[in-house]
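Encoded as structure tokens, the following chain is the form predicted alone, with no partner shown.
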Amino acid sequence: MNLGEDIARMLSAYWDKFLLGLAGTLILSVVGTGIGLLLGIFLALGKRLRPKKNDPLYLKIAKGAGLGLCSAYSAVVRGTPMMVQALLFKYGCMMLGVNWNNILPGIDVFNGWMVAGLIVITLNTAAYMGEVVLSGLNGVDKGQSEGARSLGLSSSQTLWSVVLPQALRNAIPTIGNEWIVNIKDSSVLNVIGVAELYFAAYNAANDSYAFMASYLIIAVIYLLLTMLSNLVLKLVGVKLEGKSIFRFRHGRRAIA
């Protein structure tokens, strides 16, 4: 049997497994990136804490502790592979008596291990998003803050209404890249039994012994996902620049 026949047979017999795996990958990448971004905002703000001379002693201690914790978290998470983090999370939960098999049992995709995988990928993404948001915050001109304060806005109002929206807008390309990375890197969560795309292909290959066909199928799926994601990001970028998605030149319509 040649490769083309193997691929056709795999798609016919295991299409539902691949579809469920695709759903798992999309859930992990979208939810992990979204919540990771929210946590990353607070992580970035924590890394911007700087004790001031006029601060009372307790506030200086609190700011120093917050800065140290956020910096340490970012260094540890970014300095270790997500696969290792997933295994540490799994066996750490086992030591504490937490069995993810007993959470949402009997569900093919969104079961206990999917919840565990979402926790791992979210906490991992938060460390990277913290650096992305921090870079965006540092890139906002100080004149924006000074202008907002001159209009009577408080420090917190200036941060949340003026500085942070601009920082996030500037960071959208990098945030999008993190999402694309999560689409691919979510595959490592199969080591703790998360039902994502690679996990589905692995099980289908073991059942049919058509390993080449199975992994070629998911390679194409991953490629299509990343290409579509890149297209979405480009369209978002064009929209944020205030341009029309389509323009007309010499009677022809083209992507702006």
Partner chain sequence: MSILTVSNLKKSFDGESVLEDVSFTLEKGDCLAILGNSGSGKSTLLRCINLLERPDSGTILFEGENILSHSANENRLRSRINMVFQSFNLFANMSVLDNCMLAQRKVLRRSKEEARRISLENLAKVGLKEKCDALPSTLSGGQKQRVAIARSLCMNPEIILFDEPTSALDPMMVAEVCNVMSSLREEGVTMILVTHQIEFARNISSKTLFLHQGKVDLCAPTEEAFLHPSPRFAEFLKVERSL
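Because the structure is predicted, anything quoted here is derived from the model rather than measured. Positions refer to the first chain, counted from 1.
Beyond what is shown, the protein has a form predicted together with its partner chain; the following relates to that form.
Student: Can Gly92 be called a contact residue for its partner chain in the predicted complex at 4.5 Å between heavy atoms?
Tutor: No, Gly92 is distant from the partner.
Student: At the 4.5 Å heavy atom threshold, is Thr174 in contact with its partner chain in the predicted complex?
Tutor: Taking the distances in the predicted complex, the answer for Thr174 is no, it never comes within 4.5 Å of its partner chain.
Student: Can Arg149 be called a contact residue for its partner chain in the predicted complex at 4.5 Å between heavy atoms?
Tutor: Arg149: contacts its partner chain in the predicted complex.
Student: Heavy atom to heavy atom, is Pro165 within 4.5 Å of its partner chain in the predicted complex?
Tutor: Pro165 belongs to the contact set for its partner chain.
Student: Each of Ser154, Gln157 and Ser161 having a non-hydrogen atom within 4.5 Å of its partner chain in the predicted complex: is that the case here?
Tutor: Yes: Ser154, Gln157 and Ser161 each sit within 4.5 Å of its partner chain in the predicted complex.
Student: Determine which one of 78-86, 137-145, 92-100, 180-188 lies within 4.5 Å of its partner chain in the predicted complex, judging by heavy atom distances; exactly one does.
Tutor: Contact criterion met by 137-145 only.
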